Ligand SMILES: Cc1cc2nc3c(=O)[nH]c(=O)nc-3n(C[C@H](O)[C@H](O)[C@H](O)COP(=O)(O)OP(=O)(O)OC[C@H]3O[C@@H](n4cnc5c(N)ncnc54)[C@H](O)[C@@H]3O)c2cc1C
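Just the one chain here, laid out as structure tokens, in the form predicted on its own.
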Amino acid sequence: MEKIKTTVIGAGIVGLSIAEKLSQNFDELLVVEKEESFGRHASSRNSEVIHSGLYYPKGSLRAKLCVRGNKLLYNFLKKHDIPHRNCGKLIVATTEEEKSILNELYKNGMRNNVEDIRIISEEEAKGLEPEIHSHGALHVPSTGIMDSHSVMKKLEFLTEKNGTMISYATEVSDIKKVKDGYILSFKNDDFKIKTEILINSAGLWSDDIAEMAGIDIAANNYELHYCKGDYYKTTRYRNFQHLVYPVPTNISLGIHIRINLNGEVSFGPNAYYVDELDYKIDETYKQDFYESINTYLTIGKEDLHLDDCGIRPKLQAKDEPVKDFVIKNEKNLGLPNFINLVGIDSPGLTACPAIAEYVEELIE
């Protein structure tokens, strides 16, 4: 049986960030990924937004790691010349009543040390984005967009350059706790490895990995729910200068204007729970998109066309409040150096370099 000091399960953007960070200082590091290549799920099916950190409760991991990750991620993008754009965003009040929500978001952003945010008038919002109608907006300059595939490609390159092996098409089927570590078995393979440090960054399957390690996921509130979101695209508009968001809902940031680095415009995601991992989409929610978008931008149904979708791993039932990230050394559950990451949805993409720092600090 081969022995590896540290093993990371999952090669999404978070797993790759952790591996790249650890590979700078750790010997004998392995990454295993069930898919044929990196980032095949949540990491590549999202809005590619660099978030600011203003939405999340003060002191939460989401808040701290997003604000820290925002700075680290921009530095990484600039250092490696990865396509990105610090475009900023507007969160718009679509009614007079929603202006109070903007004020609360502003206060929360200030508590989280989000820089340069400010409430702007309807007139100033119109000056920044002439097509948008609102009753005022919250301007968030630190928000941006990036090419997430290029980020993951660079992380993969740097990780392997530092001597770490990434093994694709390698699905964990069993984890056995032993005195001085963990024995991993793999699907369709008799090969086993023993590892002292095990990092669960399996995304949509992170609750399954936690359960394999012996954690009662129901008792610890680690059970994931699949939350799906669709996107529609349009050719009616191009080259918005900012991302444009409505005020958030209890399970998502709302159907927003998504722009890519080529200036193309799409809308989404919405949010609804599903029982299976299925990326098929249809026009079931087209009316919802049409009505939501038209609260801040005039568009016809004929100008909305299905684009793509993604699925987020949500750590709450449909009627429960959003919970924080789970990023823990599970030594209190009798699993020392089993570093458990569960429910890493938005803003995980932004927070990934800060998550990597945090994980390194948890290892004993």
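This is a predicted model, so every value here is computed, not measured. Position 1 is the first residue in the sequence shown; the rest follow in order.
Although it is not shown, the form predicted in complex with the ligand is what the next lines describe.
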Task: Sole residue of Tyr222, Trp205, Tyr74, Tyr237 within 4.5 Å of the ligand in the predicted bound form, by heavy atom - done: Trp205
Task: Heavy atom distance at most 4.5 Å to the ligand in the predicted bound form, all of Val14, His41 and Leu349 - done: yes
Task: Listed range touching the ligand, judged in the predicted bound form by heavy atoms within 4.5 Å, from 22-30, 298-306, 331-339, 46-54 - done: 46-54
TODO: Answer for Val67 alone: is it within 4.5 Å of the ligand in the predicted bound form, judged on heavy atom distances?
DONE: no
TODO: Flag Glu211 as yes or no: does it have a non-hydrogen atom within 4.5 angstroms of any non-hydrogen atom of the ligand in the predicted bound form?
DONE: no
- [ ] Consider Glu171 of the chain shown here, and say whether it contacts the ligand in the predicted bound form, taking contact as heavy atoms within 4.5 Å.
- [x] yes
TODO: Please run the contact check for Thr159 against the ligand in the predicted bound form: heavy atoms, 4.5 angstroms, yes or no?
DONE: no
Open item on the list: Where, within 230-248, is there a heavy atom within 4.5 Å of the ligand in the predicted bound form? Residue list please.
Closed with: Tyr231
